[in-house]
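Before any questions on binding or motion, here is one chain by itself as structure tokens, the form predicted on its own.
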């Protein structure tokens, strides 16, 4: 029998709610016929946004939503997305070369902020630095955050429907600048970051946080090179790296070996956080700069989603993706002393998405349900866990008189029994409520079977001879909650 031990006297700190963040890029079907259907659509909508997505997304208490990219941000002109929609230009965005779909600019900064208001998320804007000058970005910040009626840009914002400032709390300075964002060296990017932030701090009236482009996956040389050149010259909240795992077979019809391969790749995230942290500490021993994982998730071959390839990179989501989600969120929870935000990519009709939609149809994926089951961790005090026996991923926390343990059974085909204990001398309550998701690695939701994967009704387990026994099917995720 495997064991998970909770150690309440040892904690990495508070789990920042922003670890449960999200990402919405203008690519494929993320917005078009996804989040956004337009005000003339026959689909239930509020101000053009799909009601199904609003309702279900809001239920997750989403803390933050990143926009408009991703790579799309590198060719985005913020002025294209303001003013009357019928007068906005139609352009070739970043992804036009891949799918031939033009950007209508129907969803600009006003619409994006309104969607965030509808679901309760804080907006996070990724501003490009390959096509936008420092003064362009400064103007963008002034337009968004200047007090009502003060400057010409603030008045223009009011004329466009939002008198009060947007108060955008997070600004990303560039995106993937080691690649599509300019193919820069880390030192070159650091100098550009310093230049842009130097100018933008003059209009940063509400304490917005600046985020720098971090590495591609395990490129620790980028982290070292950026931090060396940056040298705390200007404000910096966090360094954001990206990590996608994929390339292990078909989205749905994968083998056990491909399951194991993908789980192993996803498991590297924990070590990446440690090693990026170590590289940063060489130049920032006081850990003033935090870590964000701006984009993460599974990147499978496209074409397996409901649009049959029309929506670029759209993929079906199975319990394999749900287990990878749980494994990743557990890693972020356990590194909450360093990781202050993580944004799963992406929200709808794309990579590792929470929603699949098309016309009148809309469903949630196993990834969505994992986020739902993990909600208790947001803003909670982390509890260290120790695992004996392997093949599991876990994290735990405490908030409002509840202790929550989340567990992923990483096995493709083996059910497991787990003994749950603690080592602190503090007794756990006599009973806990257990919620299980999954049990079949290939199971997934579809328009024809929208509830094929959803959490089972919670069941109570009681302490026997001082122990709790948790029984988990293969390829499943569990939430265990003790209430005082």
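Please read all numbers here as calculations on a predicted model, not as lab measurements. Residue numbers count along the first chain shown, from 1.
Omitted here: the form predicted together with a small molecule. The next part is about that form.
Looking in the predicted bound form, is the small molecule within 4.5 Å of a heavy atom from each of 33, 311 and 358?
The answer is no: none of the three residues contacts the partner (heavy atom, 4.5 Å cut-off).
Does any part of residue 371 reach within 4.5 Å of the small molecule in the predicted bound form? Heavy atoms only, please.
Flag for residue 371 set to no.
Determine whether any heavy atom of residue 29 comes within 4.5 Å of a heavy atom of the small molecule in the predicted bound form, and answer yes or no.
Flag for residue 29 set to no.
Residue-level question: is residue 273 within 4.5 Å of the small molecule in the predicted bound form, judged on heavy atoms?
Contact with the small molecule, no.
Taking heavy atoms only, is residue 95 within 4.5 angstroms of the small molecule in the predicted bound form?
So residue 95 counts as contacting the small molecule.
Counting any non-hydrogen atom inside 4.5 Å, which residue from 138, 242, 382, 290 sits next to the small molecule in the predicted bound form?
For this set of options, the contacting one is 242.
Just give me the single entry in 215, 324, 351, 396 that has a non-hydrogen atom within 4.5 angstroms of the small molecule in the predicted bound form.
Among 215, 324, 351, 396, a heavy atom within 4.5 Å of the small molecule in the predicted bound form occurs only for 351.
Among 412-420, 64-72, 444-452, 37-45, mark the stretch whose residues have heavy atoms within 4.5 Å of the small molecule in the predicted bound form.
Stretch 64-72 is the one.
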